[in-house]
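The chain below stands alone and is given as structure tokens, in the form predicted on its own.
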């Protein structure tokens, strides 16, 4: 159930933070697209702007942060101009978000059934009995055993993996057209991660929901994503089809992320040799202390004086694949 037209399109989005000494640009002219029924993986280190992009899309930016330019177009509607009432109608109903830590996202004093049912009653207008039945159906859909009985359990009575399943059930209860999954498996062991990913794929195939997967895990991207956008320091520095980027990473930062990903090499392991696992030297620059030219230049082995003094353009690498880098030799995009 895919469509070539973008269901959600972000165009030149900028977000700024007000401080006592002035404003700091947190997101700088970010552009993204997500097609119906597909998954876009957003990748990058902590502090690169991944979660801030999601909060801007939900119009839930923290105090002191605001969208200063750009558009967020959801199925033809520019929601950067939507009223607060319109956004309340869209959240949960059309756009849902799965947060990183389910224990802090779920209310500890209400049963999981009450929390799922409340979302359905608010957005779908169902009565109490029908909302409770929907909650049972959603718990079953995320493969929670004994859904009827667990409906009356509290969050602390569930394991981490089961709490994450509850969060997915809540996100899907109103059949949204877009789900934002912000590091949905960070605190889970690898077996539970695999189960959650399989569940997300299965539900997407059944409903045609678009997914934005925010992660630092390139393994998750390789498994789930149709398209990828790599973030660095408030920039989208590379984007394109997942297969193209994983096969032909064109920005030095993306290549560095891939070099940081462990790979199983049985030959070396058997011989006792070291694996080719490297780190990216340095740190992401602090907000308000961005370098003048390319923001990755201080950490880049390929950087020269031109990189350090001039902002790089977006360069076309392959069909629908671009990188923001002076060292990428291809067509400069307008």
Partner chain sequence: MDTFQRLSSTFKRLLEAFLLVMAVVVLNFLLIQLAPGDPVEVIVGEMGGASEELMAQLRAQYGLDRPVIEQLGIYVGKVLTGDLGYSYYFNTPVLDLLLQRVPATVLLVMTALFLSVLVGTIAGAVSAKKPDGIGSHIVTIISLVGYSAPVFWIGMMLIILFASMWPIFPVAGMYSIRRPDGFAYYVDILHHLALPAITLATIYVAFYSRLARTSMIEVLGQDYIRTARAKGLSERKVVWKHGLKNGLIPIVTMVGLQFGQLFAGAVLVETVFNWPGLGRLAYESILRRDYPTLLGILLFSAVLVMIANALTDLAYRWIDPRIRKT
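Bear in mind that the values here come from a model prediction, so they are computed numbers and not experimental data. Numbering follows the first chain given and starts at 1.
This protein has a second form, the form predicted in complex with its partner chain, left out of what is shown; the following refers to that one.
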Inset, instruction - Heavy atoms, 4.5 Å, its partner chain in the model of the complex: which of 229-237, 85-93, 71-79, 249-257 makes the cut? Say which one. - result: 85-93
Inset, instruction - Have a look at 141, 215, 105, 207 for me and say which one sits with a heavy atom within 4.5 Å of its partner chain in the model of the complex. - result: 105
Inset, instruction - Give a yes/no on whether residue 32 approaches its partner chain to within 4.5 Å in the model of the complex, heavy atoms considered. - result: no
Inset, instruction - Determine whether any heavy atom of residue 119 comes within 4.5 Å of a heavy atom of its partner chain in the model of the complex, and answer yes or no. - result: yes
Legend entry - residue 284, heavy atom within 4.5 angstroms of its partner chain in the model of the complex: no
Legend entry - Touches its partner chain in the model of the complex: residue 60 (any heavy atom, 4.5 Å): yes
Inset, instruction - Tell me whether 99, 167 and 170, taken together, all sit within 4.5 Å of its partner chain in the model of the complex, counting heavy atoms only. - result: yes
Inset, instruction - Could you list the residues in 142-169 that come within 4.5 Å of its partner chain in the model of the complex, counting only heavy atoms and keeping sequence order? - result: 154, 156, 157, 167
